[in-house]
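Given as structure tokens, the chain that follows is alone and in the form predicted on its own.
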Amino acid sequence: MHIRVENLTHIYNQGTPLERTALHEVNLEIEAGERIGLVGPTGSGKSTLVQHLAGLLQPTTGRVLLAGTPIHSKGATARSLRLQVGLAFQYPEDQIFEQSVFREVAFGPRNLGLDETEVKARVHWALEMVGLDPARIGPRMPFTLSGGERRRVALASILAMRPRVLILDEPTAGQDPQGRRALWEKVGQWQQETGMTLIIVSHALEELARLVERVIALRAGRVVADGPTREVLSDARLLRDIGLDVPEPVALLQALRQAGKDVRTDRLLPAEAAAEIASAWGLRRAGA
């Protein structure tokens, strides 16, 4: 689904002593099927922006269009488009309200009017997607689960809607490394199979490097960079200027470059950096 953001400004508590501008005339276009990473320091406007993309906030000025339709316009078309955008908040487990995991994940598909056979199939699929056993977890009460499990349940409830646009706001916070890798592998596979648009808000830049093809960077409510993942995430000066850590492989390669080694500094992943270093020293990697 094509997304267009036009001159989007959002001011919280406008006209009060607590007035704060979270977004300043943001303009973006996101094509159907793109994999986007959204980065920026705390307070840069990332969460405000994705809430606008999901139609949860009214702009102070500007607008958001889904497939050419203003997201807040009235009528069945706009409502149908809004239902096709799934947003997992930064702390989605706080929004769980049903008495069992099955009922929580089934809530959205049932609201779509699907028959119970399809609802059960979607619940089973969504729980497996996030690494939970439907037979074991489905009957349990959400408050008996760990924090990480509740977060996965909340994500499963969104996946069960089969959105055309999936927005994940720091989805792996609090997850162990193995769980993060498994989740990203399954989400990435599903994105490739369905061609859905995937937007990920994350401070984990090395994870983003594996997942997305384009990165948009925000600072103080403004877009300060928008380009291919390798280009944006290897720009150490930009990342430091906006208050983000430089990916470790990039930092290492830049240190070697400053020491006189002829290495490329746009290698974002550890394996890429290792290969670049081996090449610079004329070494063969084990197994090569």
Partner chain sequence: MKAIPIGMYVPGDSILHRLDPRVKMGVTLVLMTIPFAIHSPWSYLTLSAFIATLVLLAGVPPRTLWRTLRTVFGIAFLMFFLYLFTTPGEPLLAVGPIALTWQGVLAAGGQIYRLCLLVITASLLTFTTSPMQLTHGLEAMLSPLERVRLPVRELAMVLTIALRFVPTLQEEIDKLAKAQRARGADFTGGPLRRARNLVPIFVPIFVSAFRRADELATAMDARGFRSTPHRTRMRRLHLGYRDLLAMLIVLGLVLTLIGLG
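Remember, predicted model here, so these are calculated numbers, not experimental data. Positions refer to the first chain, counted from 1.
Separately, the form predicted in complex with its partner chain exists; it is not shown, and the next lines address it.
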Proximity to its partner chain in the model of the complex, single hit among Glu170, Glu104, Glu149, Glu207 (heavy atom within 4.5 Å):
Glu104
Its partner chain: the contacting residue among Ser100, Thr77, Gln192, Gln95 in the model of the complex [heavy atom, 4.5 Å]
Gln95
Heavy atoms within 4.5 Å of its partner chain in the model of the complex: which stretch among 214-222, 115-123, 197-205, 153-161?
153-161
May I ask you to state whether Leu83 is within 4.5 Å of its partner chain in the model of the complex, using heavy atom distances?
yes
With a 4.5 Å heavy atom cut-off, would you call Gly108 a contact of its partner chain in the model of the complex?
yes
Proximity of Ser73 to its partner chain in the model of the complex, heavy atoms at 4.5 Å:
no
Since only the chain is shown here, I'm wondering whether Gly55 would be in contact with its partner chain in the model of the complex (any heavy atom pair within 4.5 Å).
yes
In the model of the complex, which residues of 132-152 put a heavy atom within 4.5 Å of its partner chain?
Phe143
